[in-house]
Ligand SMILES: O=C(O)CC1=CCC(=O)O1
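Okay, here we've got a single chain as structure tokens, the form predicted on its own, with questions on binding and movement later.
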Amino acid sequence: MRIVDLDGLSVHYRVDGDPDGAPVVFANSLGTDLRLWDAVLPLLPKGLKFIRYDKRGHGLTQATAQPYSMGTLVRDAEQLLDHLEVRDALFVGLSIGGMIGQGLAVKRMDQVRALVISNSAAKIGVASMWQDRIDAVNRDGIESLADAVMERWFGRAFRDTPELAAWRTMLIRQAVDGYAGCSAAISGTDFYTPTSGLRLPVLGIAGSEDGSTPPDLVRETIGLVPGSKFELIRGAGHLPCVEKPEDYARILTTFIKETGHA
């Protein structure tokens, strides 16, 4: 377990793979911790340095008082990579992690040389939807939303497996301040203009059964960046790295190799 103090915030992170390898950074979705990537990492090319972290208010990272801004979450990632002396990383962000990746790529071109925007977009949902969710969590806890979230996260086949219970448990064990705070950050984010200015290799990944960021929404954002690529994983929901880790790893491995990062 690695914990670092970043400007007063205790951040939990993990480094796997080759400590001298090219860095690949993973940022998680709303309501999950860094275990989101457990099934994918062993399937990726050897010789890479894999960095995962729990964003503010998630997993073992400190929860500060809500609400959060996307700028704060981007700065958290920036400070962690500076602490680890990471430059020229391939950044893989899923859902809110994909938003963090977009913001970091715009702000710190020295830290991000290639970007994967997975099950994410430049703008997700509308403010009223997020406010309803924030109000429900603050009033009734994350448990009150858990069943609906599972339907958005996973395709029908996965929801019939015993593994669903573990992911539901992960969700409801997140801090209320962390979940609501990050929801507020998503609500206030519109990256259409800055993301359209990116000029680096970008890969978009979507799940055909994603109820949070449907494929067309992901594709629209990926289309903002010239030369970008888009991949659809059929039969998967919002977390294809969990449902279809082999497909996810194959797509990610191809991008890693095409960008010369392996």
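Note that residue numbering begins at 1 and tracks the sequence as displayed. A quick note: this is a predicted structure, and the numbers were derived from the prediction, not measured.
The next section is about a form of this same protein that is not shown, the form predicted in complex with the named molecule.
- Using a 4.5 angstroms limit between non-hydrogen atoms, residue 191 is distant from the named molecule in the predicted complex.
- In the predicted complex, at least one heavy atom of residue 30 sits within 4.5 Å of the named molecule.
- Shown alone here, residue 186 lies within 4.5 Å of the named molecule in the predicted complex, counting heavy atoms only.
- Proximity of residue 159 to the named molecule in the predicted complex: non-hydrogen atoms within 4.5 Å are absent; the residue sits far from the partner.
- Shown here without its partner, the chain carries 133, 153 and 238, all of which come within 4.5 Å of the named molecule in the predicted complex through at least one heavy atom.
- Stretch-level contact check against the named molecule in the predicted complex with heavy atoms at 4.5 Å: of 109 to 117, 159 to 167, 67 to 75, 145 to 153, the positive one is 145 to 153.
- For the residues 96, 104, 90, 180, the 4.5 Å heavy atom test against the named molecule in the predicted complex is passed only by 96.
- Residues of 208 to 235 placing a heavy atom within 4.5 Å of the named molecule in the predicted complex: 212 alone.
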